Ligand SMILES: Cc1cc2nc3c(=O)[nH]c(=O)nc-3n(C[C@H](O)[C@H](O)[C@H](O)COP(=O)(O)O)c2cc1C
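Take a look at this single chain in structure tokens; it is the form predicted on its own.
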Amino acid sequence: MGSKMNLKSVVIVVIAMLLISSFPVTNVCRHSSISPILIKEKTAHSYSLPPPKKVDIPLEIAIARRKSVREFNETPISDEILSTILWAAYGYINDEKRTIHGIEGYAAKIYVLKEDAVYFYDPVNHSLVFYKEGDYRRRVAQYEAPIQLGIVWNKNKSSNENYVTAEIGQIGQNIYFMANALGLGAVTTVGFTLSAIGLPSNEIPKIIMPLGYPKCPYNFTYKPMLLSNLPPVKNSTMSLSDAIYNRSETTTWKGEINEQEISQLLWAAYGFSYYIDNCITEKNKIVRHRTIPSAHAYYPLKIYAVTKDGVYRYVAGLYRYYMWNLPVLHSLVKIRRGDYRKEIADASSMPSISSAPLILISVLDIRMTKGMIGLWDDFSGEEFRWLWYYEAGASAYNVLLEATAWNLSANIAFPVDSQAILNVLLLNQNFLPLLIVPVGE
């Protein structure tokens, strides 16, 4: 009797299961911790980006045209254009190499705020992944634009805020360069308002870059620097896309470096554009832009060059920026004779740089972060130090690209004995070495 009842029960259960399985079930997630609605929305809103375009503008022209754009029209940005900019910013070149140097293990993440929703960029699959529905652009923006790019620090991947922000500085440079080359513009702004989209607890907002077509179209006049003891900056034969794609890095160096190459590298690191900007508006009063941006246009970095012949300081101008059509400096001043490359190498994270024919060091002048003539914000505190690492990262990345364009290789090292470096550079405690860039063959 019991065995018959058990067999009958099994048959009933099997029939019931077959009947249930015959009815269609759509978008049901069988994992209890994930909402079926969320899965449906992600499927509907996430999408692969088209292949990035190849941009043929010469690298130096892209660097010279870099400017901060704060006024945009409403022209929509195509997926192809967005794809190209995002790939340049943080994409993959191959399985092992990305478009920027991994200063701190690639601990950044890019959010893309569009009219319909918030996405984040997936560099592995070169796609946009749905994050949150709704238009959050005005809620986070300092300047309105068709797209807002929010870049965050993922604390799960790195605990070093300064070095991660130096990595973000490289991302920002490629956004500037590629956007400009494609007729768009961008500007670096503070990122704390990105919290409005509801970030995970391990992600700290750092910067927001509005992206769009400028209201005032680009209009430059070639007018190179007149006061210089360095050779004039020349355009190489390498395009922006090729420089990004072929970025050449090494940990061993050989050969020599000539004056023309030194001139190119210093200019890329922290110089002034050889163009005059004819698009002057209420929000763009700068006539001659610099190769990298700076918070509040403070430009507090000093670039030092160390070779076998001595220690030099790069002088890029008498002013931080130029609102007038004036010539600017592009010069190298010798401050010490002798070969101090080994001393710098021993005080760095990469001792092999002692054989590099050129070592560039970005040094923060802390006094220049306290505000212009005491009128602007004081950013000299430790809590603001990341701002200047962003700037140093942007500068170092320019050198990596420019070195590649001139058939050289470079890398980025860190100070491990700042006092030893200051001693070589004859500097006091008002200065802080940030990044070291060795260059050579």
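All residue numbers refer to positions in the sequence shown, first residue = 1. All of these numbers come straight from a predicted model, not from anything done at the bench.
Below, we turn to the form predicted in complex with the ligand, even though it does not appear here.
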query	finding
Interface segment, criterion being heavy atoms within 4.5 Å of the ligand in the predicted complex, picked from 106 to 114, 355 to 363, 334 to 342, 182 to 190	182 to 190
The ligand contact in the predicted complex: Tyr299, any heavy atom under 4.5 Å	yes
Non-hydrogen atom contact Phe220 with the ligand in the predicted complex at 4.5 angstroms	no
Tyr176, heavy atom within 4.5 angstroms of the ligand in the predicted complex	yes
Touches the ligand in the predicted complex: Leu387 (any heavy atom, 4.5 Å)	yes
The ligand in the predicted complex: contacted by all of Arg98, His101 and Gly172, heavy atom 4.5 Å	no
Residue among Gly317, Pro293, Gly91, Pro146 with a heavy atom within 4.5 Å of the ligand in the predicted complex	Pro293
Partner-contacting position among Met368, Ala141, Leu329, Ile286 - heavy atom within 4.5 Å of the ligand in the predicted complex	Ile286
In the predicted complex, residues of 51 to 68 near the ligand [heavy atom within 4.5 Å]	Arg66, Lys67, Ser68
